[in-house]
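Have a look below at one chain only, the form predicted on its own, in structure tokens format.
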């Protein structure tokens, strides 16, 4: 055996138990009490939790947006990921007019093959059908393991938005191929209308980023997605759910038996729109924005009840001087915040505090993402799965600071957040890549995850 982890508490999506975990050739080879087998490396995990690596199925690394590029390269972003216990990221390359899906994805792969510190997959954002060629190419993309595609219902001016007709076309085509459409749901016309009025009135602070796209602006689009997917009988995945009204529409559809998946993010579980009243409010600008306390409470309730399927980050940080472009005009603030290194520690801290079970955290951060998106070898401590393993110390206190993160950004919305419990080691396919605060992996170690479509 290459690795033997002794005496830890293994956490799955449904149970926990004390066991040894043996690893050979990057796979979990055996699980059991008091395994007696030689191994090159033996790790004493007594008192530790042994968790599957998390899958952050929503990141934007090196993404051009708002007149700049998000602060984390594929190297720094994936380095930060493993240092927080995330062993697989899903990135969102954006296809524009004239671009092909595979041409875009392959250009990203060329970079990731050299830089990736964790494993990686893609959801390709489709913005233009290129006279129908994209609909044909989607079949080859699915065969190549890209089984999910994203539609923006916003960013009309940026040329990224799809209208209802294109959304319906893509929902139906994805269903034909055993794939799925992910949707960013907000109403662009209401956002543009309200933004223009606030700027005209001289209301330019970060608070008006929230006011230009409050709960009902997101909820209308959420309900429209639910309407189309349920009536067209297609699966759909709604990203970064932040509002109570839209969430309630999703819950109703789920209870009626429709295949609909809901993702939320740690920032919507931690912060309310009041952050936009702060002096540094522009640093919290992301879309959709954080909402009111009622929405935050509804998200926690739905998470506990099983109506939220995944927690991911929408990791898309920008430097503080770039956020400052909008200090006198909220519409000029690049949208996005950091999170990939904070996802698992934040959710596990919630479990440590009794807000959720550790099994639920594994479910929404590992097992469900792997299942929903066809990652057959990920998401569980189980024989035959990739040995993506996180050791977690429930007693380790940790305060998040930009100085202790492993990204390339110069600030974080999580600054000063105190956590009780923290990951102490991360293994990627059996290789130690993070150890007690330090990245010890090698860029380029990460591998492409070819996913399987729904049958």
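Numbering follows the first chain given and starts at 1. Please read all numbers here as calculations on a predicted model, not as lab measurements.
Form predicted together with N-(aminocarbonyl)-beta-alanine: not shown, discussed below.
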(request) Counting non-hydrogen atoms within 4.5 angstroms of N-(aminocarbonyl)-beta-alanine in the predicted complex, say which of 378, 240, 291, 123 makes the cut. (result) 240
(message) Under a 4.5 angstroms heavy atom criterion, identify the one residue in 72, 314, 218, 341 near N-(aminocarbonyl)-beta-alanine in the predicted complex.
(response) 314
(message) Within 4.5 angstroms, counting heavy atoms, which one of the listed stretches 59-67, 23-31, 416-424, 385-393 is next to N-(aminocarbonyl)-beta-alanine in the predicted complex?
(response) 59-67
(message) Given that N-(aminocarbonyl)-beta-alanine is not shown alongside this chain, does residue 264 nevertheless sit within 4.5 Å of it in the predicted complex, heavy atom to heavy atom?
(response) no
(request) Classify residue 95 as contacting or not contacting N-(aminocarbonyl)-beta-alanine in the predicted complex by the rule of any non-hydrogen atom within 4.5 angstroms, answering yes or no. (result) no
(message) Quick check on residue 148: any heavy atom within 4.5 Å of N-(aminocarbonyl)-beta-alanine in the predicted complex?
(response) no
(message) Whether residue 364 contacts N-(aminocarbonyl)-beta-alanine in the predicted complex should be assessed with a 4.5 Å heavy atom distance threshold; does it?
(response) no
(message) For a quick check, can you give me the residues of 122-160 that have a heavy atom within 4.5 Å of N-(aminocarbonyl)-beta-alanine in the predicted complex?
(response) 150, 152, 155
